[in-house]
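What follows are structure tokens for two forms of the same protein chain, given separately as structure 1 and structure 2.
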Structure 1
Amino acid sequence: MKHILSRTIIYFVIGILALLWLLPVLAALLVAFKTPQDFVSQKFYELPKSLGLITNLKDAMSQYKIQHHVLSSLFYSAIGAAAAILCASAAGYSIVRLRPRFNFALFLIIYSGTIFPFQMYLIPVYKFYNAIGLYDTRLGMVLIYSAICIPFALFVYRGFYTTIPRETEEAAKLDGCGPVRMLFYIFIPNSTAPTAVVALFQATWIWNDLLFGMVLTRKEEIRPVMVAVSSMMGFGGTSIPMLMSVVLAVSIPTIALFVFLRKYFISGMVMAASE
């Protein structure tokens, strides 16, 4: 009886906390579906009289060209995360299996990129980009996003590659696999779970980045979507329903990525916790 009572209390408290966490989200969703007229005349918790989500998004696309920023962020997230996965997996394989001199020192040097705050990179990167012509270019954004994502990705791959049995590697060597074929035919195909973890975390971080996108870009067609969302409030007072509609729309890609990778993501997190 005591056990049932304690479980009931725990579930009740968890339910209350979940409701409190969901209330701001529900309020934001209600605002996103309202027209500007409904937003002014209604309480924030009241249901909209007419659905204004599509109209709000059309207005944002015509006034702020938000679709161009979305395409830029999709490009940066996909290419940046893919480049980080490729480079980090190769570096992790080299450090764990090829074991060059000072391999652990090399790992610490690369991983130190996660220790320092990103703000300390801004001025050097800004000056360097201006000097070599990478400022306000898509290539420059892809390079900085890839470089920022590599340290965490290397940490994940290095930990996973230590769990791959050496017998598998020895059998592949007997079949004539060299280091490059070993990486692409043995290690990367068996790295689905860590790759999903890295892809989800890094693509989401690139998509949500505001700092580098604001400092290293100027043209509207180059700037990522979060810079556009943050600057919408500066154009003569953007309507709140339009802003919340854009926020809701730009959240869909990261949510869809998590739903698509959830099985591999959960297995990767369980694997990391068990190590």
Structure 2
Amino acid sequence: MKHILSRTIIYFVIGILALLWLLPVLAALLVAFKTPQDFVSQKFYELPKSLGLITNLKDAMSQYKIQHHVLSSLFYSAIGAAAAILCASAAGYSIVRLRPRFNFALFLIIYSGTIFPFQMYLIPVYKFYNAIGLYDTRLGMVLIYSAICIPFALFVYRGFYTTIPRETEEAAKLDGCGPVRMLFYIFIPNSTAPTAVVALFQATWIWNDLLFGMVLTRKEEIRPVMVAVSSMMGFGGTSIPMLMSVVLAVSIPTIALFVFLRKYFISGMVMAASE
């Protein structure tokens, strides 16, 4: 009896909390579907009289060119994460298996990039980018994003590569497989799980970034999507339904990734914490 009672209380408390957590999502969804007129004239809980979502998105596209920013950010997420994965897995392989002199020191140097807050290198990178023409370029964005992603990626690969059995490697070596082919034909193909974690995490991080986009870009075609959302909020003229429709649109990719790849997300979080 007592057991059932405590179960009920737990369900009740967690249920209320879960509802509280869902409320902002539902509120934002509701507003995204309203027309600006309905939003101003209705109470917050009333359902929209006419569906405004499509018009809201269209307006955001014509006024703020959100579609350009979305494309840029897709590019940065994909290429930035891919470049980080390539660099980090090559370095991780070399550090774990080829073990050149100073391999541990090299690892620590690369890994130390993750300890400091971004603010610590923001100004010099901004000056440097301006000086060599990387400011406001796609290449510049990809480079800084992948540089920031590399330490964590290296940590993951370095840990994982130690678990790949040596027998596979020895067999390949007998077949005349050199280190580079070993990396591309044995190590990278056999590390789906860590690659999924790193790709998911880093692509999401890049997609969600505001700071570097704001500091290192200016042109509309180059600016990432979160900078565009942030500047929509800076203008008084943006209607809240339009803003919410954009928030909905730019959150769908990361939420979808999470829904489909939930187990990688969670193991990635645990890994990111233990790095």
Partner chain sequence: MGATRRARNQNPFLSYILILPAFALVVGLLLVPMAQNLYYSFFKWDGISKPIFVGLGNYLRFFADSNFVQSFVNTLIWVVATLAIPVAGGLVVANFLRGLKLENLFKSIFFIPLTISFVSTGAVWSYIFSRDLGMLNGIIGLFSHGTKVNWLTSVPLNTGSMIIAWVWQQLGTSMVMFLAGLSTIPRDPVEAALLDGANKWQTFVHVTLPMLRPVTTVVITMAMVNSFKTFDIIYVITRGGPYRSSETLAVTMFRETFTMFNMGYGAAISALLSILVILVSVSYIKGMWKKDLLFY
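Residue numbering: structure 1 sequence, from 1. We call the rigid core whatever largest set of C-alpha positions still superposes within 1.5 Å between the two forms. Remember, it's a predicted structure, so these values are computed and weren't measured experimentally.
Practice item. Could you point me to the form predicted together with the partner chain, 1 or 2? Key: Answer 2, the form predicted together with the partner chain.
**Study point:** Core superposition result - C-alpha of residue 260, shift between the two structures, Å
**Key:** On core superposition, this C-alpha lies 4.5 Å from its counterpart.
Check your understanding: Cα of residue 13: shift between the two structures in Å, core-fitted?
Key -> Comparing the two forms, residue 13 shifts 3.4 Å at C-alpha.
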